[in-house]
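In structure tokens, one chain follows: the form predicted on its own.
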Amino acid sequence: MKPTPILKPRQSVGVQIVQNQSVLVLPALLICTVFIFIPAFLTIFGSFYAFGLTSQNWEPVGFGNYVRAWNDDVFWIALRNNIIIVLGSIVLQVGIGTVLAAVLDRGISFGQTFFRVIIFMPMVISAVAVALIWLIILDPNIGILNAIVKSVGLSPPKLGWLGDPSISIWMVLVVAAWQYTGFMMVLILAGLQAIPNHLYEAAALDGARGFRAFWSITLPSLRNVLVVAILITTIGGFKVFDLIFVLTNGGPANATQVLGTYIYLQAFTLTNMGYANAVAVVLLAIAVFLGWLQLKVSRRS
């Protein structure tokens, strides 16, 4: 008689699969540890010390850097500007992106692919290149915007579009909206195309067409997509650095200073590395909270 083959229990097979999956995750975990977890830990650790960029002597100050940030007017200006950029980006990028997506989905019957590519195109350009393009457009001497304003009988700002503290932050919002609205449009358009047509057909029988159908059917159906879009925009608004660094470098008179540029100023210009670390930890805490909120909303949807 042949011996009966010994079958492995299902539990051991499952354990082996889990072990194989763990091995596959190890490279990504190693990269995250080297480039994310360790720098984050060193940033948090360094926020409790006062030291310069090339200093070898770290003076422990406890929570002194955080107290300094609490009493720092520029820190609060930077945080306020981040909030302004977040709110303005939500209104411009998500709002205009929703309207454009609705127009492309049901408002026009030809050239949808062409208009979609044209609107999305600024998103594939690097932020530095976008900032340089807009620096030329907004230039008070050779900029095309000044020429357009003068051609309609109006006077451009005397200090320039980016040199006037009262309007510079709003011009940054315009540049950011020009680049990222296309991404919001594509994201929301994907949500629109997932809405069943029979909902609109049933609403049309009840007399709900056009704006009424958009308000009663489209927006409620897009709730989860809009929430994700708003969270992505919020995270981007707090992480903004490159556009402002190239356009204004935080000026004029800190009118466009944000947490990212303020960290750079303190770390690499004023060489206050400990204080820069403390501000970075504040920004890290905001980013972690928003990331957790986005993950929670995504799982719920």
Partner chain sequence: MKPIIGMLALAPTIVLCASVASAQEIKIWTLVQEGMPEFMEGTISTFEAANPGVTVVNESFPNEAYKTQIQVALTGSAPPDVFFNWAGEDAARLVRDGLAADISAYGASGYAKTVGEGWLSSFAFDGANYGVPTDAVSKYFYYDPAFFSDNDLSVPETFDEFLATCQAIRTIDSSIVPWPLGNSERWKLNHVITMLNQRVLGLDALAADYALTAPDDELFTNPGYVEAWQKVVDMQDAGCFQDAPNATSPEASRSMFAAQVSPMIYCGTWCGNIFQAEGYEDFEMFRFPALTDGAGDPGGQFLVPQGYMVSSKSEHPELAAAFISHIVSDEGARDFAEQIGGIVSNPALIDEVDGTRWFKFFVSDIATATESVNVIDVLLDASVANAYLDAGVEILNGTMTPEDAMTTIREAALAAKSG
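Computed from a prediction, not measured in an experiment: that's the story for all the values here. Numbering follows the first chain given and starts at 1.
Heads up, the form predicted in complex with the partner chain isn't pictured, but that's what we're talking about next.
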Work out which of the listed stretches, 83 to 91, 212 to 220, 195 to 203, 163 to 171, brings a heavy atom within 4.5 angstroms of the partner chain in the predicted complex.
163 to 171
Would residue 141 sit within 4.5 Å of the partner chain in the predicted complex, counting heavy atoms only?
yes
In the predicted complex, does residue 66 have a heavy atom within 4.5 Å of the partner chain?
no
Does the partner chain come within 4.5 Å of any heavy atom of residue 268 in the predicted complex?
yes
When the contact criterion is heavy atoms within 4.5 Å, does residue 254 count as touching the partner chain in the predicted complex?
yes
Who in 39 to 56 is close to the partner chain in the predicted complex, meaning a heavy atom within 4.5 Å?
53, 54, 55, 56
